[in-house]
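Single chain ahead, written as structure tokens, the form predicted alone.
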Amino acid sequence: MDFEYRYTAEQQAFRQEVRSWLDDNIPTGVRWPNDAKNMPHETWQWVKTFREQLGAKGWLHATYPKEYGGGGLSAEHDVVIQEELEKQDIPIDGLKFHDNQNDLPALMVWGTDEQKENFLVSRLRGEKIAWQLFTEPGAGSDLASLKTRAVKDGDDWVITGEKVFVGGDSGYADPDTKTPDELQMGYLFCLAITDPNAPRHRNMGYFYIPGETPGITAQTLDLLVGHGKRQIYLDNVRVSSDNVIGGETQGWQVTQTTLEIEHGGGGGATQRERTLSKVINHLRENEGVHDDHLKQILMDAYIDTEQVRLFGMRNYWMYDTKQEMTYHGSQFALLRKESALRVADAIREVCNLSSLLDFRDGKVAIEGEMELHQRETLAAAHPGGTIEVQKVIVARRLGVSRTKERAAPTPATMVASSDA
């Protein structure tokens, strides 16, 4: 069976356009560090400018409508853009990893026309980044048990609370500059209790907070992952009612649209697993693998990642063709998380202790990417819904759990229902 997509002549012409533009706009010598905590400040600034250039062309969020700052392009064009960025070693996910995009589907589905104009346009054009303020020290997997409060005061809301594991942004090489600055803090989309007397899931709001609002403090956390995470303190942060997405007690429903995409409901035009491919190429070009057992381990790992890639492409296709999903998003997330752990084990077994050498070691291979992969895969089992949470969601969507649920609305199903 042939799983490869055959591009049309028009799509191949678009590829040449993208390739030529990237050649003209990516300077020679730009280095993309494996561990984003070691990204130089100058590289960070270049990423910001380049992201805005892509956004101005509509190539940063290619499939979103032009009227809101997207490209209005097809999924096939989006895949072409991602493939060409990958060839330049500037992956589209890399341009976005310091920017959480899970607010975008919620703004599309639940935002008013004015909110889309005020918030969505600058986000899709890459002019503003955003951080997700959901998880709290005592509320992660059970998000509905959060403690952050929003109290109505005239036409405003005053928010007080604490959020953790915020960001996904780059740190700086200089330890003295770890405090986020204006380049890093754009918008904060935050879940907070608005009515403590209302029933669970009907008692919270989804707030869109400008990052420079007084009362916000960000503290950098020294974590296992290879990119910056923050602890955010909200001390009487005043936000206009115009910044509430959805109704003031509809925050849980708005959040489900965010989580639907975060859990994998939008799929991904995923390329082949980056680190494993580099490991295989490194071994092929150097000492090779002569043990049949180790060869089998590598082959099993490669097949494992290909299965995940195809599930991601299935969801990407279903989302693009406006098909309503049920368990598909969390199934993809579950497979992706479990596969990553298995692949990390395989790399460690084949490459032994060399897989644990970081980029500063003189004997390191592929610039320390294996060591980063070992850390990231372990940590990645938790964010965006743990492995156990994904299993619960799949069971509920299949109807084999005591609790039943349906997928939340997304921009794809919203458009499909309006066309009907």
Ligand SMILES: Cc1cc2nc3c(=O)[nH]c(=O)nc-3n(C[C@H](O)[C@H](O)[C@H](O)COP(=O)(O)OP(=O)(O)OC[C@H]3O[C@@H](n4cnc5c(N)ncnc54)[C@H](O)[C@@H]3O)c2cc1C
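We number the residues from 1 along the sequence you see. Since we're looking at a predicted model, the values are computed, not measured.
Missing here is the form predicted in complex with the named molecule; even so, the following discussion is about that form.
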| query | finding |
| --- | --- |
| Among 339-347, 127-135, 244-252, 302-310, the region lying within 4.5 Å of the named molecule in the model of the complex by heavy atom distance | 127-135 |
| Residue among 240, 112, 141, 217 with a heavy atom within 4.5 Å of the named molecule in the model of the complex | 141 |
| In the model of the complex, the one of 386, 38, 43, 53 near the named molecule [non-hydrogen atom within 4.5 angstroms] | 386 |
| 4.5 Å heavy atom contact with the named molecule in the model of the complex for all of 65, 116 and 414 | no |
| Contact label in the model of the complex: residue 123 to the named molecule, heavy atom within 4.5 Å | no |
| is_contact(residue 316, the named molecule) in the model of the complex, heavy atom dist at most 4.5 Å | no |
| Any non-hydrogen atom of residue 167 within 4.5 angstroms of the named molecule in the model of the complex | yes |
| Heavy atom of residue 225 within 4.5 Å of the named molecule in the model of the complex | yes |
